[in-house]
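Just one chain follows, in the form predicted alone, and it is written as structure tokens.
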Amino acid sequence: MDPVAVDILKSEEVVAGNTPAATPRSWYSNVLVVAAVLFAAVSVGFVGSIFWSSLPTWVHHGGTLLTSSAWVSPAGPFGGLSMITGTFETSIIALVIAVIIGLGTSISIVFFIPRRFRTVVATLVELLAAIPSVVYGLWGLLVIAPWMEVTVNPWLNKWPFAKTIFGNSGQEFGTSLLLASIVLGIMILPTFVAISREVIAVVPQDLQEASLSLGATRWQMIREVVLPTAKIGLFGATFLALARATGETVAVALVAGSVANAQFHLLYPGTSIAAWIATEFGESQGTEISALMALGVILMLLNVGLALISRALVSRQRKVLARV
């Protein structure tokens, strides 16, 4: 039969209300549906179990958990302010380090490194993400900590008001919040570079060539055209790297010092939410487990919020570039 006639017959069936029967699903489609439902059920069960386990702490010590810095075990009350403060301190300083180095790295890969070497350099940077966290922690403890004790800490203490800002050097093995921030900054560098490089690379070539044709230098083109066009996506990369930093565990546990003390002296030891959970959970019992679960809830909500913000910004960047 003529294809045109077939289309006419189908359209007449639809108009008459006689829609053709839907094609039955294959066994593979059914397996995918079951897998999706199972994954959703496991996710809901996981999140629900964490919230349920932390409920006693929220009921009896919810205010203390967010406002007190004293972690008293095993009966409580449990203060999580030290861990929350340490998480934000180490993550923000690490983010500053990663953004400064990572943005320069991304710009160099896209615009300055010869084309035949770009893939090699980008791969080497992104392979840093494959190094286990415990290796970063040992490297920071055995290599960076002695170097900081000999070189960085004396230099920082020469600054005006240095002891007020940084305090004295860390107590045991040179561990400190500043050391944890440096290690974290290197750990989140691949995450930021991978996303920011892609965001910068997709800036329309027409905009770049138009800027250069008007007499702008390459640096002026990057500063005035590329970065403003890609700024939303760069913010998305920043939030995603921040989410990675806040959830890091083993490396921070090794180099931060695992001391529950809410303070802002960067050369003093401290801890973060994830590191404190990792170090305390093995010996915890009773209500302390519930308190650690409550800290896990705070960390989970923080990471989910940062991830959602990152996804929204990257999606908005795609829409902006699509309109250009």
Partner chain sequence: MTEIQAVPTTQVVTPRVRGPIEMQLKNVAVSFHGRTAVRDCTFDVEKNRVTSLIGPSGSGKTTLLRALNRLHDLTPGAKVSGQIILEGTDIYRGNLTVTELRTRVGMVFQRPNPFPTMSIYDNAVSGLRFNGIKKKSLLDEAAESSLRSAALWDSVSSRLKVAASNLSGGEQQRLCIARALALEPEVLLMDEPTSALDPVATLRIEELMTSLKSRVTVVIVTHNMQQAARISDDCAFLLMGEDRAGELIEFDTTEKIFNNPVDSRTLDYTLGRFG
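Residue numbers count along the first chain shown, from 1. In this text the structure is predicted, and so the values were computed from the model without any measurement.
The next section is about a form of this same protein that is not shown, the form predicted together with the partner chain.
- Judged against the partner chain in the model of the complex with a 4.5 angstroms heavy atom cut-off, the residues Leu212, Gly215 and Arg218 are in contact without exception.
- Mapping the unseen interface onto this chain, Pro204 counts among the residues with a heavy atom inside 4.5 Å of the partner chain in the model of the complex.
- In the model of the complex, none of the heavy atoms of Leu81 sits within 4.5 Å of a heavy atom of the partner chain.
- The partner chain is not drawn, but in the model of the complex it has no heavy atom within 4.5 Å of Thr238.
- Although the partner is absent from this view, Pro228 contacts the partner chain in the model of the complex, with a non-hydrogen atom inside 4.5 angstroms.
- Taking the partner chain as positioned in the model of the complex, none of the residues of 119-142 brings a heavy atom within 4.5 Å of it.
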